[in-house]
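Consider the single chain below, provided in structure tokens and representing the form predicted on its own.
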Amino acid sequence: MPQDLWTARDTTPDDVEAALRNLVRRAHATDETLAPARVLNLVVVIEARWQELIGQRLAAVGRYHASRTVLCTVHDGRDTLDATAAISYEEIRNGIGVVLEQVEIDIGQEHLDFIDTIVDPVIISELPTVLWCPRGPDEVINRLMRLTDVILLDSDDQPEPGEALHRADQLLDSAYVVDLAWLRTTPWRERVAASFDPPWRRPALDQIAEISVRHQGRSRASALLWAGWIASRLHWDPAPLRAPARGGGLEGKAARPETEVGVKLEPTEMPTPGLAGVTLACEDGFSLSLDRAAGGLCAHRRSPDGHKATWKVLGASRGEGGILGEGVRQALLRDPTYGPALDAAREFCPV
């Protein structure tokens, strides 16, 4: 992907926006097949110590790059703005080459008090804007809310899952929320739903006696959201989980008509965030387990008559590397199941 650059020290947001226009105009004058992408803004605000890590994640989003990405990096002791504007040309398809735009602005702590006036001139006003502030203070989100259509967050990043889910619920009142912790549960939700999709198997949903979720220790929010999803879809009444007398994790009950469902969250060792496996056990002896495996998920099924079967669900997991790109893509969609799952997950949180 060829790239054109513009850099400046002690600059202004208006200068940055003018530089971008000139870069796009010059690229089109050189090659009339080039046209700027006009789908989505992505605004990222991070502390300088996270710059390299977040930069690597942004570079790995694959084909789901935003049309214009604005990266604001906060440095201690800085009182001026330094900026770099760049455009890159995607592969030409059907006679048209797509131009992607990226802006990096170095700002100081004092600029956070009016960061909306820095970002506003630089984003494309007619496009929806996604805001991502990994490990950033809520004050930044509040100041940028008037410019924001979608908030991208990761509830697994927060040390306290209950607080993280409460924060997501609050933000959901002001904007559409895309939670990376929720997206990590997507393969597990899809495969469980598909397993009970045949009409002859659906009655088993009313016989579920216990669910267990195995998760990375730092991904309890993902586990709570998966449990909240199935509880909300099956109209269970969640109750706060508790730590068992022995071992780690959480356990408890969810009420349904005439009976209760056991719920277990079990932390396990694994190198990447997310879920390691889920199990659903029914009263008649039927059970279904899905476990993370190379190339997809490994499924285990036990029939009421005791017959066991094992098979591989190929390509079911998107992998952690694709989560951010999927989050950018989801900003253009709407998932009606997240809100109810979030409410149920909060009910499962220990008091």
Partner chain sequence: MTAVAAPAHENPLIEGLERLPVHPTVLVIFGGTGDLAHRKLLPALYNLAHEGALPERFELIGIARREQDHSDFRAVARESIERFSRRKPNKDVLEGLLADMRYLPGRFDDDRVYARLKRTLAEFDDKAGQPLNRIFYLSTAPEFFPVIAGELGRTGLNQAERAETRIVIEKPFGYDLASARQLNAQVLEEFDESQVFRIDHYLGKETVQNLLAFRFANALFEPVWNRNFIDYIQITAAEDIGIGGRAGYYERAGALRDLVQNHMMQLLALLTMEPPTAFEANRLRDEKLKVLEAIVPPSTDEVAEMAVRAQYAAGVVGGVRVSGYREEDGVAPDSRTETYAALRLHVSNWRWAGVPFYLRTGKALARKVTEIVVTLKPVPHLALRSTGSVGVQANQIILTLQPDEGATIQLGAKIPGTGMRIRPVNMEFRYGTSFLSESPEAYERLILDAMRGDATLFTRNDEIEALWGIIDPILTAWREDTSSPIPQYPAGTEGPDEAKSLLAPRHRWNRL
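Only a predicted model underlies this, so the values are computations on that prediction, with no experimental measurement involved. Numbering follows the first chain given and starts at 1.
The discussion below concerns the form predicted together with its partner chain, not included here.
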Contact flag, V45 vs its partner chain in the predicted complex, heavy atom cut 4.5 Å: no
Partner contact for G322 in the predicted complex: its partner chain, 4.5 angstroms, heavy atom: no
Exercise: A294 in contact with its partner chain in the predicted complex, heavy atom 4.5 Å: yes
Partner proximity in the predicted complex: T337 to its partner chain, non-hydrogen atom cutoff 4.5 Å: yes
All of P36, A344 and E347 with a heavy atom within 4.5 Å of its partner chain in the predicted complex: yes
Interface stretch in the predicted complex with its partner chain - options 70 to 78, 98 to 106, 147 to 155, 265 to 273, non-hydrogen atom within 4.5 Å: 98 to 106
In the predicted complex, the residue from E126, D173, E258, D197 that sits within 4.5 Å of its partner chain by heavy atoms: D197
Position in contact with its partner chain when the complex is considered in the predicted complex, options T279, Q207, Q216, S232, heavy atoms within 4.5 Å: S232
Residues of 131 to 153 having any heavy atom within 4.5 Å of its partner chain in the predicted complex, listed in sequence order: none
